[in-house]
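Here you get one chain, nothing else, as structure tokens; it is the form predicted alone.
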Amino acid sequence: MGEPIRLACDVLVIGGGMAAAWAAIAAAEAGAHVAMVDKGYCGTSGVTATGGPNHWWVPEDPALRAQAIARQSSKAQGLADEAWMEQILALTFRHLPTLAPWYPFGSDGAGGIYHSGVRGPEYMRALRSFALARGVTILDHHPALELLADREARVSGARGHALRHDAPWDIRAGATILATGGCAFRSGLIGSALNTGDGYLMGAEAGAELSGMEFSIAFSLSPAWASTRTLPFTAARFFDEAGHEIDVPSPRAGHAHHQALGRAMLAGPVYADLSEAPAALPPILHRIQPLTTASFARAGIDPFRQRFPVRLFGEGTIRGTGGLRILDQECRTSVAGLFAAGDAATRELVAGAASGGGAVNSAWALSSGRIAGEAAAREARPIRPDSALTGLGRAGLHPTAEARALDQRGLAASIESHMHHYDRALFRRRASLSASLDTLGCHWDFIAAHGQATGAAALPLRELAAMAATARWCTAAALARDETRGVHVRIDAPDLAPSRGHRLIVGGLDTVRLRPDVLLEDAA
């Protein structure tokens, strides 16, 4: 094992995706010395780098913005905040064009520049270059394993392991931002392998709460052999293995569309037919979504002439809404010194009960990143290299009983199944949610009691613990919200209940705690 790496900075950003990069850039522009630690390689890791993200992009016209906010508020079903919507629209419109020196924005076809939609791989490379130009120290393949806190319980940095050097690292920071993305529970969703809920677990170990975790059911329809996330299925027809057409509602039907597909997939293979797709799509798909066409080329399939098998890939809290609870307009969590941004934070503030997937989540990642970065830079405490700091990590690092070998692959598969099995996820009901919560609780107890690893081996164990914890919070919140609201659909409670028009705050590790958002109720 290599020599320990010890650093200090004003602002530590944990993560390497869109929100993390914008947070680091904003903190550096505010004058802070910034370090960013990424589990992967900043510029290629995360779901943005494999997609074609669009941004919620509305010109500086009060009437247009009011209309956009009104439409989004309707989708949010009472759980969003219009002041936050207005803020992220303004920040996205102001700051996305500043990427122009590093990103080749295209034409809008009317003599202007098209800023809203970007190509994920180039976008993330550009953000990396932007951050480096602002003086950010980027540490790739440096996963964080636990947060550090001082005697006042203020988060003051993090500890992790440098994979390439096989060395522990310790970074003291005046303020820390969790921008670790969401959790797809190892569903196979493209770009999500590193999205295991690490930030949720680290935040909860520090005492932070979460919100919106019940809004965690989102799926992407993709070719069965490879997740693409982006192939347009609007004009698709679907068939079973015998060639009989399946009655599937339009994708615009949302959950009903996925329910019909999931029900058919439980019975056997399902095939998509895109022969009726718009004629303009095939010639341009390789330019707007190169990763989509590559998967078909490798399989030797022409998706517009041949039927192909499809399946639903779970997106968990990536296209969902939940994450660490945000207390104010500056992306603070309930823990001193700790901020959250992007998918690591709740998107209820702008998405409410609806999926934040696509444009809203991208705008949220950019704007929440910048908000957290500026606030963290402004509030960073001076670094005291001689101060005593305590590691807050527990499960996977410090077992409560005798350390034992764990079937990590089997546990991960079980956790993913309880979150994304079509029968459980698409047809939520009290009996199945209760059974899942019992099993997930047993998984957490076993990992916390017996999981222990050091060095690089601690990373997969901590990821497993994070997935187990996240699945419990999602399931407990889904069980408590006995209504159907937005993407949270309960087949045993199919109606929206006015008495449930509040956010659900969840937290705790060995014991899951739930309560309504009293501050929201008071404000109403």
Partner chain sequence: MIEVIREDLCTSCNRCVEVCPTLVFDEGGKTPLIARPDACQTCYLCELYCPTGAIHVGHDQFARQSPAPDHSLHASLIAADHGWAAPLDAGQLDDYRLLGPLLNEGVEIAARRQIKG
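Residue numbers count along the first chain shown, from 1. Source: prediction; values computed, not measured.
Just so you know, the form predicted in complex with its partner chain exists too; it's not on screen, but the next bit is about it.
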Although the partner isn't part of this model, could you tell me whether Glu122 comes within 4.5 Å of its partner chain in the predicted bound form, counting any heavy atom of the residue?
yes
Closest heavy atom of Glu276 to its partner chain in the predicted bound form, within 4.5 Å or not?
yes
Would Ala267 show up as a contact with its partner chain in the predicted bound form if we use heavy atoms at 4.5 Å?
no
Can you tell me whether Gln289 touches its partner chain? I mean in the predicted bound form, with a 4.5 angstroms heavy atom cut-off.
yes
Out of the stretches listed (359-367, 177-185, 85-93, 307-315), which one is close to its partner chain in the predicted bound form, meaning heavy atoms within 4.5 Å?
307-315
Which residue, Arg298, Arg404, Arg151, Arg71, is the contact with its partner chain in the predicted bound form, using a 4.5 Å heavy atom cutoff?
Arg298
To verify the annotation, which of these, Asp108, Asp302, Glu330, Asp423, has a non-hydrogen atom within 4.5 Å of its partner chain in the predicted bound form?
Asp108
Identify whether its partner chain in the predicted bound form is within 4.5 Å of every residue in the set Pro101, Trp225 and Ser250, based on non-hydrogen atoms.
yes
For 52-83: residues with a non-hydrogen atom within 4.5 angstroms of its partner chain in the predicted bound form?
Gly52
